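First, one chain by itself: the form predicted on its own, in structure tokens.
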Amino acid sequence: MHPVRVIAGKEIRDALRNRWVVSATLLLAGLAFALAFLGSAPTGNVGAKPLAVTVVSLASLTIFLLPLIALMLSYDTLVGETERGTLLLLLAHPVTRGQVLLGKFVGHVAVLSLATLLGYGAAGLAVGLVGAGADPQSWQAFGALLGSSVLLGAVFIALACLVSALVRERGAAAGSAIGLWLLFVVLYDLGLLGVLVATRGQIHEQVFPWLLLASPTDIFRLFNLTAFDNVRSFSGLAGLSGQVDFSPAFLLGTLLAWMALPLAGALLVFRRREL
């Protein structure tokens, strides 16, 4: 069996044993059900499809919650093994450093994917079937939300792996992970808002969309709230979508690049690191 698969399987079993999967699934499912049914309650009066409203609500939830879960799951990927003294033992086996890191990355992505698909999927199916108002485009938007949520989680797992390869202590890794969450989820958007206020909204309309690509959470938001007509009209981003000339495929490709670059950096740093 390939070493990457073996290590990934071990990470999945550890997450099951530590109840990471159960805890993350219940948290995502509970919040998703609450947002889905409370948020879609008034849709009959405004003519919006309940599942489209659910996509808007879950997209906002995902931006705040999923990166934090991903970072907390993976921040000690390497530094934790080093502090416990198990990394040297692991590398004493016929396995390369790249295989160790990739195996851990794949395992953590699988854990987060399982929690996301179960938690969000149950809420989406409940709204789509019980609400009796889901059209094919709403189901497509919901499927895109699930896939892009997994990809967003993979981005932050890759960032956590990079942090874990750079620092020497778990405390520093945890602090850096929280710092990354604050930067991409809170501070960057506040900075963009400050720029808009300072320039009185006169920032060049061809520059502003590219600034959004500097944050994976903003890419995720653009993809899910502008890619489908029924979601875009309800999300309030119909005007922005006219200014942002990015196709859904381009946005997904950019999100994939956000995952690949930190992971490549983590591999490079880990291979040169002295243990």
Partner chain sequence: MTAALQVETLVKQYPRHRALDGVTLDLPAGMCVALLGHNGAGKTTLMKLLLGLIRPTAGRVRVLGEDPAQVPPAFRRQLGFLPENVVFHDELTGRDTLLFYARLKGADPRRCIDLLERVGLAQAAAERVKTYSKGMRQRLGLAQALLGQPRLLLLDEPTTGLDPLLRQEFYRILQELRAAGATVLLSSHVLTELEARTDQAVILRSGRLAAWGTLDALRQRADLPVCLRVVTADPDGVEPRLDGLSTTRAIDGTLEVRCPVTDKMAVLRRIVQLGPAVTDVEIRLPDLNDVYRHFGHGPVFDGD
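Positions refer to the first chain, counted from 1. It should be emphasised that the depicted structure is a prediction, and the values quoted were computed from it without experimental measurement.
Just so you know, the form predicted in complex with its partner chain exists too; it's not on screen, but the next bit is about it.
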- With the cut-off set at 4.5 Å between non-hydrogen atoms, does Leu90 touch its partner chain in the predicted complex? yes
- With the cut-off set at 4.5 Å between non-hydrogen atoms, does Val6 touch its partner chain in the predicted complex? yes
- Query: Closest heavy atom of Thr96 to its partner chain in the predicted complex, within 4.5 Å or not?
  - Reply: yes
- Query: Quick one: is Thr86 in contact with its partner chain in the predicted complex, heavy atoms, 4.5 Å cut-off?
  - Reply: yes
- Message: Within 4.5 Å, heavy atoms only, one stretch in 157-165, 181-189, 116-124, 78-86 touches its partner chain in the predicted complex. Which?
- Response: 78-86
- Message: At 4.5 Å, heavy atom to heavy atom, what parts of 3-25 sit next to its partner chain in the predicted complex? List them in sequence order, or say none.
- Response: Pro3, Val6, Ile7, Lys10, Arg13, Asp14, Arg17
